[in-house]
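Take a look at this one chain, the form predicted alone, written out in structure tokens.
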Amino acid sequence: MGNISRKQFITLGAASAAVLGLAGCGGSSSSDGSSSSDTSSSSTDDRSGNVYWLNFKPELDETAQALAKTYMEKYPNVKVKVQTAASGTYEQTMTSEMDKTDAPTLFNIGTTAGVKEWGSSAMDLSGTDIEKALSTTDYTYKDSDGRLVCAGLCYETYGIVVNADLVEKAGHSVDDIKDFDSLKAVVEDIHKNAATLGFDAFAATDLDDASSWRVTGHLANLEYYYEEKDDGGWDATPATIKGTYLPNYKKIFDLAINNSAEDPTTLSTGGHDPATEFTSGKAAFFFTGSWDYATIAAAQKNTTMIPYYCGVSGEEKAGLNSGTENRLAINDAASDEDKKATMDFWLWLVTDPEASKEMVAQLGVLPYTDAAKGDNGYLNKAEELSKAGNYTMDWATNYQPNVDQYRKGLVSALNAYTADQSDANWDTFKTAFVDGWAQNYKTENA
């Protein structure tokens, strides 16, 4: 499945700051398809070529730009360009950029669907210094021919972030939240008393492009994970899903949208800035992940992360959602010089003591032996739960077929439901979730 095992997760540790997805790119010329052995990393300072890094996550842009500048100062014969795609537009941006003469040399392949779409554009990393630098192969993907087309950049975890101080101020304790019923009791009590407390339960669950991924990608993982578990594990994207755990998804989604300061009917247009609602102390609960740890920790000193409690039997032993969509690939159509320059830059990002320290501060755990270590409270929580015997919820959401179109269908149905929480509108969402999967699977595999 490509996700880390519980044992391997414990070995990796839960280190560092906020995760963001990342992908790189670089200006390039056409390639003669040379072997990967021709692109081993440089062992001298005599480096040249062009790197065009198409960054996957907007939150990483500032750090990515700064590191590119530092690298060019260190190696003046190398040109590094970083372009960051706007939130929710990476696939669209990459499709446009890959058609250009100076196409990205470093880009992101995050899912199995991405391997089908872009694997043929990626060079084989087998036997290269990138593969040798990895501390685990759990975040790599191979194509149908066995070519290693991408390797993980970082390791992430997500769930429900909780402001423990606010929960205590409301007369409760995070330690009392052990399943959906106990979560519901705390959330509804905070919402009922929001006017007196000066804060509400959940930050806004916006459904615009900047935030919809929190529920169409991440929260949806609870349904996929438990269904996959029932099926004995997925080795590839299934042609159909049953939607067995959609009632559980509905429980936690309804809890969030109906116990917030924001009117559910306004969520479709977004713009409420849920991150700021949480960091400013206006909300006690927030759907997010380890990539936001640094920002949150700077504003709120006592936060933690809890699982997606949703009423599933045995969920008191649930852990956090852990995996990655951040897998880098090198453009096989780039010149030999630019492929070499790109690999050197990638290696520098994840093995240089200072550069990798900055990457860790933004991304969390980097699965490379020589990467700097860090400290991320949410990753630490994932490790703590795992060590206690709680099951880790792997990223089954990575199997979503034709992912952009599939999620657009989910957003459209959720917009109708939040505007009018009727059974009929929820049935429309169930259709988008289950039938939409099958339809997009056919489209992707036509």
Partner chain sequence: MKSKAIKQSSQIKSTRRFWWLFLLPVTAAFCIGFVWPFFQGIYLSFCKFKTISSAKFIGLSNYASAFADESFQHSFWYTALTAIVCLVLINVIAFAVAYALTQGIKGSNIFRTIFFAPNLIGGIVLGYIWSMIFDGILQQYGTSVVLETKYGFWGLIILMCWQQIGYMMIIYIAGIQAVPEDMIEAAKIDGATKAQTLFKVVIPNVMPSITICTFLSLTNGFKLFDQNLALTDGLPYEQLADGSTINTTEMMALNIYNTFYSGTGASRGVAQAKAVIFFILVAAMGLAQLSYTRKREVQQ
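Please read these numbers as outputs of a predicted model, since none were measured by experiment. Numbering follows the first chain given and starts at 1. Here, rigid core means the biggest group of C-alpha atoms that superpose within 1.5 Å across both forms.
Although not depicted, the form predicted in complex with its partner chain is the subject of the following passage.
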The unique member of T63, S48, S412, N390 whose heavy atoms fall within 4.5 Å of its partner chain in the model of the complex
S412
In the model of the complex, which of the listed residues (N258, T137, T295, S268) lies with a heavy atom within 4.5 Å of its partner chain?
S268
Can any non-hydrogen atom of S422 be found within 4.5 angstroms of its partner chain in the model of the complex?
no
Look up in the model of the complex whether D143 has a non-hydrogen atom within 4.5 angstroms of its partner chain, and give yes or no.
no
Against its partner chain in the model of the complex, would D352 count as a contact residue? Criterion: heavy atoms within 4.5 Å.
no
Check whether N402 has any heavy atom within 4.5 Å of a heavy atom of its partner chain in the model of the complex, and answer yes or no.
yes
Proximity to its partner chain in the model of the complex (heavy atom, within 4.5 Å), stretch among 242 to 250, 114 to 122, 151 to 159, 286 to 294
114 to 122
Within 412 to 446, which residues come within 4.5 Å of its partner chain in the model of the complex, counting heavy atoms only?
S412, N415, A416, A419, T428, T431, A432, D435, G436, Q439, T443, E444, A446
Superposing on the rigid core, is the CA of I306 displaced by 2 Å or more between this form and the one not shown?
no
Establish whether a shift of 2 Å or more occurs at the C-alpha of L222 between this form and the one not shown, with the two forms superposed on the rigid core.
no
